[in-house]
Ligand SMILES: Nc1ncnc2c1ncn2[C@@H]1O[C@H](COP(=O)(O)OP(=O)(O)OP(=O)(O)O)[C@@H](O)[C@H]1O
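Before any questions on binding or motion, here is one chain by itself as structure tokens, the form predicted alone.
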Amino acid sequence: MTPLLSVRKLSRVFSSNGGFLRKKRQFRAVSDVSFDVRRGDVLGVVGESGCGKSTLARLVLRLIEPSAGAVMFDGQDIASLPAGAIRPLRRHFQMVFQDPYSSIDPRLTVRDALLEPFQVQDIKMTKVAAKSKIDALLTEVSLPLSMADSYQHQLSGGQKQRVGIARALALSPALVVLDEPTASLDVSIQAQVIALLQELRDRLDLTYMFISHDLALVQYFCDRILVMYLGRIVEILPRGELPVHPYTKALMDSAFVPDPNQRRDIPRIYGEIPSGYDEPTGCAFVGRCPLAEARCSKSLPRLQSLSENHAVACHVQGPVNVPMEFQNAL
């Protein structure tokens, strides 16, 4: 099956301005990232704060410009298109932002916020058609029709996020990127939002790229998990498969299990994350890895396949036999 989204060697470097007694520096936020998202799948993206998850999401949607690499959406490289050509394509991929409080203009009613995507795409509608569309979108996300005339300050956090989801669905996209959509919500509301996203995915045949800090939620909701560390992918694994990379193992072990009978000692990771301004020569995790060898600090491990859907970037836990058809995709 041809992937809906294919990312190849995607990178983004930010430059800091120099000044008096201060030289200009470069920060590598995302480095040489490659992965596929199959149509109808949910790809989870996890990692510590500052590892490049949100930057990757914005690169995939061309909200910021890549320094290098390709982003193939449904066979078309959107990373190389001119600005004028990318706008018509945006209806096919949308984003739900982390903070519903800042992603909705407080001066707009819910109705106006949901009509905004049509105005941006210059889609003309009669008043009757617009009202019908707004009613359908509110029903889609289980909000009362009377809420169309409400303002942001009149909504709860969960209601605001539902409005954000409805706005992302307005143009019937194929891909929705979710940047920690439940991070600012109470646990009970988180469960409702995830149930809504599952139902929408099944009914509308949506494909998700789901970014989160919640490892338990990612393991429950996502078909595959992409693990990032200092802007690079260290492992891609299917849901339910045991992790191989030491960093992924530490992340998975830290996931909270709400059962007192399953308490366990969580191994700690010591040391600090290296600076993106001064990347190490070899593996970025070498200073914190309990399995590190001499070669780990000398050469950067490449992402290689363990099986058809499982890949890891590790010298110590790397593959023995690499299926060529999967290796070529990386």
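Here the structure is a predicted model, which means the values were calculated and not measured. One-based numbering along the sequence shown.
Separately, the form predicted together with the ligand exists; it is not shown, and the next lines address it.
Proximity to the ligand in the model of the complex, defined as a heavy atom within 4.5 Å, holds among 54, 26, 34, 67 only for 54. Although the partner is absent here, residue 48 lies within 4.5 Å of the ligand in the model of the complex, judged by heavy atoms. Contact check for residue 98: a non-hydrogen atom falls within 4.5 Å of the ligand in the model of the complex. Taking the ligand as it sits in the model of the complex, the stretch 158-189 comes within 4.5 angstroms of it through a non-hydrogen atom at just one residue, 180.
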